[in-house]
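Shown next as C-alpha cells: one chain only, the form predicted on its own.
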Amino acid sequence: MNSPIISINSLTKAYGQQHVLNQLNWQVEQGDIVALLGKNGAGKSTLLETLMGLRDASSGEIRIWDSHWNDMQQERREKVAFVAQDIKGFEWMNVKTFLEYLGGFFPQWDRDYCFQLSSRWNLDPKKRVGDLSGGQSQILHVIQALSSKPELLILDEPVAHLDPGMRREFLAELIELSCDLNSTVIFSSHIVSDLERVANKVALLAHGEINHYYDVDTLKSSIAHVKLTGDSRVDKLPYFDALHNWHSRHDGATASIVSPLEKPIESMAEAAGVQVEKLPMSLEDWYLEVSHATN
C-alpha cells in the first residue's frame, strides 16, 4: 500500500492560550478531491497555511510525499500549488504579465491552457492586477494554479466571490485536472453543494481536530433522519449511542445518523422493541447537524 500523500500527526497550533489546531491527525491519499468544511474561525486557513509551511506549528508533524516541507526537493515543491483566501502583491502588473511571470516558476506550466482559461473566463489580459474585483482576483490566482498542472493543489475558499456559473466551471476544471494527472486536491469551502459536485472525500474541522472524514458516497448512503415509534416514550438507551440530536417523544423518539453505523439502525430498533423509519438527509443538513453536535 502506498504512503499517503499528506500525513499529519498530533499537529497543534496555538496563539497564546488559544489552541486553533489541537493534536490534529489526518491523512490524505493521492488522487482524492477533499472538501474541508468548518465554521468561520474553525482554523481551516491556519491548517492549510501550516500545511504549506507558511505558518510554524507549535508542535506535531506534517509530511508531504513523506518529506517535511523544508526538506522537500525543489522538483517536488514545483508540483504543489496553493491559492490563499486573500492574496496581495503584483498589483502593478497586468494579468498577462502576472500569469507569465509566475508560470515561469513551474516547469509544467501550460501557457496555452492558461490563456484559454483566461479567455473563457473573461479575464482581460491587459487589466492591472490591482484593478481586479474580488471575484476576478480569485479567478486569476485559480488560473495560475490550475495551469501549473500540480500534483497537489490546495485551495483556501477558492470560490467565495464567484457566481454559481463560474463555480460550476471551476469545479469542472478541478475534476478534469484530477482525472488527467491523478492530482490530489484539498479545497476549503462554506458552500456544501459544491462538494457534492466534485469531492470524493469530506473532512470537518471543529475544535481544532478533524472530527469527521468520510468518503462522500459512503456518507451520503449512511446519513438519515430517524423516527423511532413505540408504545411509549423512548429514552436514549445504550443501543442508540451512535445516534445524534436525540429527542424523546411520548410515542418514541427522533434522532439523526451522521456517520456510518457499525450496526444497522434496524437491528438497534429491534433490540429496543421499537419501529424505525429513515428519512433522507442532504449533505447540507448533515453539515448543520454535525456542526451542532460538535458544539
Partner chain sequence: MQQIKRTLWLMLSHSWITMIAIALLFALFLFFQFLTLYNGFEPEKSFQASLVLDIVLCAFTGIYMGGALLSLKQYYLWKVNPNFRKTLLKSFLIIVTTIYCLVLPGLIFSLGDKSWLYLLVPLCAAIYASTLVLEDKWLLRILIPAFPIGMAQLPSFGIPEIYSLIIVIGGAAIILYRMQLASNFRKLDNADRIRITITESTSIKPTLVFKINYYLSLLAEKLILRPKGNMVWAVSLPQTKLNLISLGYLIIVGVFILMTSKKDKNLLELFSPMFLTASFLVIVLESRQLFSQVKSFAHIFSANNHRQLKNTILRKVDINFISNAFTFSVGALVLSFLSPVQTNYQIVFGSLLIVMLVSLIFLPMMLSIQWLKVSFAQVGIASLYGFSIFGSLRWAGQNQDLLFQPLAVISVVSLFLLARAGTQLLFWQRPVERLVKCK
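Computed from a prediction, not measured in an experiment: that's the story for all the values here. Positions refer to the first chain, counted from 1.
Form predicted together with the partner chain: not shown, discussed below.
- The partner is absent here; in the predicted bound form, the one residue of 215, 151, 194, 100 having a heavy atom within 4.5 Å of the partner chain is 100.
- This chain appears without its partner; in the predicted bound form, the one residue of 57, 52, 62, 242 with a heavy atom within 4.5 Å of the partner chain is 52.
- Taking the partner from the other structure, the partner chain in the predicted bound form has a heavy atom within 4.5 Å of a heavy atom of residue 80.
- Within this chain, residue 246 is remote from the site of the partner chain in the predicted bound form, having no heavy atom within 4.5 Å.
- In the predicted bound form, no heavy atom of residue 135 sits within 4.5 Å of the partner chain.
- Using a 4.5 angstroms threshold between heavy atoms, residue 201 stays clear of the partner chain in the predicted bound form.
- Residue heavy atoms within 4.5 Å of the partner chain in the predicted bound form occur in exactly one stretch of 69-77, 203-211, 217-225, 176-184, and that stretch is 69-77.
- Heavy atoms closer than or equal to 4.5 Å to the partner chain in the predicted bound form belong, across 110-146, to the residues 130, 131, 141, 144, ordered by sequence position.
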